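Given as structure tokens, the chain that follows is alone and in the form predicted on its own.
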Amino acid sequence: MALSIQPYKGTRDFYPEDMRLRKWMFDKWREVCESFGYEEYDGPVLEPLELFTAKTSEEIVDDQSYSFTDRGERKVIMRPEMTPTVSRMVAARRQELAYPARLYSIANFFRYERPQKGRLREFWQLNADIFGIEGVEADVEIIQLADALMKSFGSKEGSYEIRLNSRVLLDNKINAAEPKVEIDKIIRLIDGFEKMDELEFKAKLTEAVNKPNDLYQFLMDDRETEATKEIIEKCASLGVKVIPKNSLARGFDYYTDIVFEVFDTNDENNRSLFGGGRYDGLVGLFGVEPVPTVGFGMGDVTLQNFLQTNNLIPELKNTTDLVLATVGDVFTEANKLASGLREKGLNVSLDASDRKLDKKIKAADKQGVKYVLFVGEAELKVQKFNLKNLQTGIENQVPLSKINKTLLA
């Protein structure tokens, strides 16, 4: 039986054209984060399972994780998110780090869930966190960073919303509604509010609390509260619009106060793009003094959907400047010529195959390379080469000394 040519369900193959888009997105992420003073880090794909059972969402650990027992009888998990890992890393060097510590990573994650638009089983995510600032200044900065990232991709005003809430306030309102079940279960119910119709949500809310109407009215009342007013005002003074959203919960168990999300307002992709919040207690789980922390995770799948919906992906071309096509048995000489051009800053691909010249030209054109330089014994002898522009079809004879200037003009 022939092997399948399809990737594992919920994962992706990245061909060169796909990698161009991924690289462009990741480069933007790095550029913006580093402009705010964030430094890049990374961690292991495999972690002890207990690292995530301590504070991550029960749904993710129990229902969506890739976890197993290794050959040493250790229970491990393929990371479904980065927050526990970076908290562990900060705890390990709690006394050595300079605060505030601004950290970011671009890593791949694994969740065993039903693949659908915006959700895959393997995905990449930008994670950005500030450790060591208790005040709202950190909340404001992390929201400002999220907004700057969206604008760096050319997002137009009104194409997305930044929504804000306080988990402390929300927890207090849930307690006032007299919960029948654990608060974390009600939080996850509220976290799915946008995906349910009104009757379904009210029915489930009635099952969860004794005073569903009071809690429902609060969730519908999207006015500034004392918990969100200062952040909204400070963000506005920096040109970042933030709106209050009392039904915003964020499903992770480790959030301790402010939570926010960036929401796509386009009817074709009306959904949460990414979000985050404050989680002051997570570092303290490792037996060290807690460190106040706020951060977010921005996934590549939802971002790509947003960019496609809003026509924000530019034409991303092959980075090869020139294909050097041999004519005859001149491999060694052509290779030396290619090396010399690379030293001058050009990206040069050498096609020294025995295929006919027209096939070499077609291959270069198919790859999206703009120029082909023909190299044969006659050309090497006089150091003049025929250079063909595949976009215009124009072919000129160019001295070796002018090839670099011609291509970079």
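The shown structure was predicted, so the numbers you read here are calculated from the model rather than taken from an experiment. One rule holds for the numbers: they count along the sequence shown, beginning at 1.
Heads up, the form predicted together with another copy of the chain isn't pictured, but that's what we're talking about next.
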Contact test in the model of the complex: Arg188 vs another copy of the chain, heavy atoms, 4.5 Å
no
Could you confirm whether Glu39 comes within 4.5 Å of another copy of the chain in the model of the complex, counting heavy atoms only?
yes
Is Glu161 part of the interface with another copy of the chain in the model of the complex - any heavy atom within 4.5 Å?
no
Does another copy of the chain come within 4.5 Å of any heavy atom of Val372 in the model of the complex?
no
Assess the spot marked by Ser65, Tyr104 and Gln144: is another copy of the chain within 4.5 Å of a heavy atom from every one of these residues in the model of the complex?
yes
For the chain seen here without its partner, which of 290-298, 235-243, 189-197, 212-220 has a heavy atom within 4.5 Å of another copy of the chain in the model of the complex?
235-243
So another copy of the chain isn't shown here. In the model of the complex, which residue out of Gly154, Gly281, Gly328, Pro100 has a non-hydrogen atom within 4.5 Å of it?
Pro100
Looking at Ala176, Ala92, Leu169, Ile313 here, can you tell me which has any non-hydrogen atom within 4.5 angstroms of another copy of the chain in the model of the complex?
Ala92
Output the sequence-ordered list of residues from 262-288 with at least one heavy atom within 4.5 Å of another copy of the chain in the model of the complex.
Leu285, Phe286, Gly287
